[in-house]
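Before any questions on how it binds or moves, here is one chain, the form predicted on its own, in structure tokens.
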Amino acid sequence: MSATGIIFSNIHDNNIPELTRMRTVASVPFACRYRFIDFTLSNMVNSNIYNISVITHNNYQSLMDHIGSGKDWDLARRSGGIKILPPYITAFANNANLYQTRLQALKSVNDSISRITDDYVVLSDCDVICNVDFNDIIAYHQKSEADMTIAVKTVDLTPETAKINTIFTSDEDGRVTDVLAYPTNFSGTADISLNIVVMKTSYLKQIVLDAIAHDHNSLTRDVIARNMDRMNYRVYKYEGYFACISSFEEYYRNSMDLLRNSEARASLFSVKNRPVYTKVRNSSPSYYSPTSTVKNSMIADGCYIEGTVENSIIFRGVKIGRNATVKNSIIMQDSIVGEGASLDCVITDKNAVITDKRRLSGADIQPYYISKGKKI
């Protein structure tokens, strides 16, 4: 049994426009030193999937810089490895109307899909923040003789959270009986899609060709909903930690949750034989001066800390000046916090500069954001 992976890098760009103005959602920084895509790539590599394609849309320079040759994930290979698939635009295409859905994205790279020789294919969004063994899903898919297997997680939903999720209903054997795509009036306990799908490569090729022939555009509505009565579609119930980043506020809340919830951190970063890989930056260890105070924070390497850091996530190369105070904040790579500055509930993008004695404050439900390279 062999499997290939296909990752969608831009599907949820609109969820956090503050952080995706100059990058794909796949390359959004998360958890001190990682990018969103690191979790999906690591899950695939840890599941012995070494033939991976990343479908891009726009703003993918940062993603290409991060992935490079793929050597940090053991994907720099003569055979297989990782491939970036940019939008396929012909001379007769409308350049302004690139794909908006997963099925449209698959249609745009049909030529690459037709060349896949592995037995199975794993489709995944890039912002799936979890540590899952895809081998377990593939084994379940084989055992149940399913045509398609969708990973789901049982959660409690409000009308606000339900309308950004796809809900699957299944019988006691796990067979899909109904699907609700982004319902506007649902509340209660339900199985939501993790946007991870497993199927035979031959079936994926059939789906894509049929979608091209009949102008189908939605994997959920045009494929699953139309065929679930006659095809064997199954759900795989995932029990571990999963973060759904559906908004800027959710990005902040899930980041802060890693500081408060030791079980969440352990389920992501302490799973035996399933490490999370990322791009290696050979930085020196972080320096903490005698005047510094650090409490309940995640701090990457290469930082220079002279002030106070509490309940915060500090990325690589950050400098925090003397008498500065950083609380409940996320400071991204190579940013500078000046002497005597005070930050509370603030998110700075990369290379931001907060000059001396500035006071900036947001709130849990609306953190204050400083864009990339901005000086305040």
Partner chain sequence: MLKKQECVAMLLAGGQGSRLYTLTEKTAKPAVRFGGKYRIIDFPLSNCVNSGIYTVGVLTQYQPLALNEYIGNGEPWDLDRVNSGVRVLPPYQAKSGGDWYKGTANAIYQNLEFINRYDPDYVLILSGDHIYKMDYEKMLEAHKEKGADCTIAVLEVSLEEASRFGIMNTDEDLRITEFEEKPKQPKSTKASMGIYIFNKDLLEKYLIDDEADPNSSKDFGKNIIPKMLADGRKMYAYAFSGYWKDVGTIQSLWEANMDLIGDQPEFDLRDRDWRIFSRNYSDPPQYIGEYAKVSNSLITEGCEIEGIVENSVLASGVKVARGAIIKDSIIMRNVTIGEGATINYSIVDSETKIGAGSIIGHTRSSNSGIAVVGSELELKPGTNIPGGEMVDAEWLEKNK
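Just so it is clear, the structure is predicted and the values come from calculations on it, not from any experiment. Positions refer to the first chain, counted from 1.
Another form, the form predicted in complex with the partner chain, is not on view; read the next lines as being about it.
- Only one of 286 to 294, 169 to 177, 188 to 196, 110 to 118 lies within 4.5 Å of the partner chain in the predicted complex by heavy atoms, and it is 286 to 294.
- Shown without its partner, this chain lists Y203, Y304, Y238, F248 as candidates; in the predicted complex, only Y304 has a non-hydrogen atom within 4.5 angstroms of the partner chain.
- Only one of the listed residues (A31, C345, A324, I49) places a non-hydrogen atom within 4.5 angstroms of the partner chain in the predicted complex, and that residue is A31.
- Contact check at 4.5 Å (heavy atoms) against the partner chain in the predicted complex: all three of P275, R281 and G317 pass.
- The partner chain is not shown here, and in the predicted complex it never comes within 4.5 Å of any heavy atom of E339.
- Contact check for M298: a heavy atom falls within 4.5 Å of the partner chain in the predicted complex.
- Taking non-hydrogen atoms only, V155 never approaches the partner chain to within 4.5 angstroms in the predicted complex.
- The partner chain in the predicted complex comes within 4.5 Å of a heavy atom belonging to R265.
- Along 256 to 270, residues L259, R265, F269 each place a heavy atom within 4.5 Å of the partner chain in the predicted complex.
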